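One chain comes next, on its own, written as structure tokens: the form predicted on its own.
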């Protein structure tokens, strides 16, 4: 559990790059968020950059994936290879926004939730880790990962 707390603290304290005054309203249906948070599709190229960036999303701290240029990928969470084959865009979006809605024990941080969190650095209280456009970019990228072969 200490490892999970450290990961959440790192992501919450280091990667809070989004600066939004208000979060966009979204509706959870079943196990996903069917509508884009921005009303538009994201950009998969920008999404890939967020996933592999160790300062923005910190995804590779826990996940591995088809990123041969990135060393030291994580093994605490599912491999991202095949994410687009396993989950719909709606399901990916909910996992990014707030994975605890699906699994209360997950170590995955809520990238777009700001309420009900603990141990958040003062400078980041009330700010999401990623903004709505960044969430959509990551969802667009993850949806392209159809090959289920791990690296």
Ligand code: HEC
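All values reported here derive from a predicted model rather than from experimental measurement. Numbering follows the first chain given and starts at 1.
Another form exists, predicted together with the ligand; not displayed. Remarks below refer to it.
**Student:** Determine whether any heavy atom of residue 62 comes within 4.5 Å of a heavy atom of the ligand in the model of the complex, and answer yes or no.
**Tutor:** Yes - in the model of the complex, heavy atoms of residue 62 and the ligand come within 4.5 Å of each other.
**Student:** Just to confirm, residue 107 within 4.5 Å of the ligand in the model of the complex by heavy atoms?
**Tutor:** Judged by the heavy-atom cut-off of 4.5 Å, residue 107 is in contact with the ligand in the model of the complex.
**Student:** Is it the case that residue 26, even though its partner is missing from this view, gets within 4.5 Å of the ligand in the model of the complex, heavy atoms only?
**Tutor:** The answer is no: residue 26 has no heavy atom within 4.5 Å of the ligand.
**Student:** Considering only heavy atoms, tell me if residue 101 and the ligand come within 4.5 Å of each other in the model of the complex.
**Tutor:** Because no heavy atom of residue 101 falls inside 4.5 Å of the ligand in the model of the complex, the answer is no.
**Student:** In the model of the complex, does every one of 44, 94 and 133 come within 4.5 Å of the ligand, counting any heavy atom?
**Tutor:** No, none of 44, 94 and 133 comes within 4.5 Å of the ligand in the model of the complex.
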